[in-house]
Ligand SMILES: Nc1ncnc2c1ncn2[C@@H]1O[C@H](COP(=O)(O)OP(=O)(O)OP(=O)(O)O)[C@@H](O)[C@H]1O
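Just one chain follows, in the form predicted on its own, and it is written as structure tokens.
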């Protein structure tokens, strides 16, 4: 894992609302986080926490009618004004997405070679078809596909799930993007193949310097992969910081609960599920969104919504828990006094 020197991606107080037949759904709530160059950042949380929406917002792929507020900068560029050709170029060259289901990411009626060639030429229209095909074959080899020449002639249904996910990663890499967004890329794979895909992403990050955002609901999956961990709940950031530090000393009850609920944490015992359910996106939240499920809940948790604040004795750590807020306030008073 690499040390970032500046940011390739920065979200500042990003909110996403979507009008539905039942009312306005708040999908993201003032989400802020950054990704440094050469850094792997994991977004973790239960289904519905907002991880995928945050990634889709970066590529401007949200559902029609979605209202986005806040700022999203990619490589220093504000993506909000991008339209038409400029938006297509941004998606083709700068940031690429690896979706959760590789079968849905590829057209079943087109060969893998054709789809890789189209992806390469979308990023660089000056490439001839032959040059793009050579690049496609080299990239398949780069991601560990055996006999890439034969695989270029194959169709998606002729390839296993693990190999197909590598194909989807190759489709992103032919554009030489600065930023790779991965939405639960290992969920549909067996444990062995999961490890191989994560190892591949680490290798690409290390050798090519690509910054990666990896959405996952399984903290153990990214324990040794991500430089930084951003924990999301109910569309908001609950906690963030260096991955190993967050996992060793969580500063938000939700993070602690996620860790306790992870399979394999307590061998021989029943899975420790988190009681209750996340709030509906249609709900009006007036305090900590995790409070109804939190065993440490206090009356103050029902106060104004909290945003992550620095953890006073842990540089680079932020948490939205009221206990940390109180601790930071006391620390500030002692410093000023």
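This is a predicted model, so every value here is computed, not measured. Residue numbers count along the first chain shown, from 1.
Omitted here: the form predicted together with the ligand. The next part is about that form.
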property	result
Contact test, all of 205, 211 and 244, partner the ligand in the predicted bound form, heavy atom 4.5 Å	no
is_contact(residue 18, the ligand) in the predicted bound form, heavy atom dist at most 4.5 Å	yes
Contact of residue 310 with the ligand in the predicted bound form (heavy atom, 4.5 Å)	no
Touches the ligand in the predicted bound form: residue 38 (any heavy atom, 4.5 Å)	no
Partner proximity in the predicted bound form: residue 51 to the ligand, non-hydrogen atom cutoff 4.5 Å	yes
Answer option from 27, 58, 31, 291, heavy atom within 4.5 Å of the ligand in the predicted bound form	27
Within 4.5 Å of the ligand in the predicted bound form: residues from 57-78 (heavy atom criterion)	63
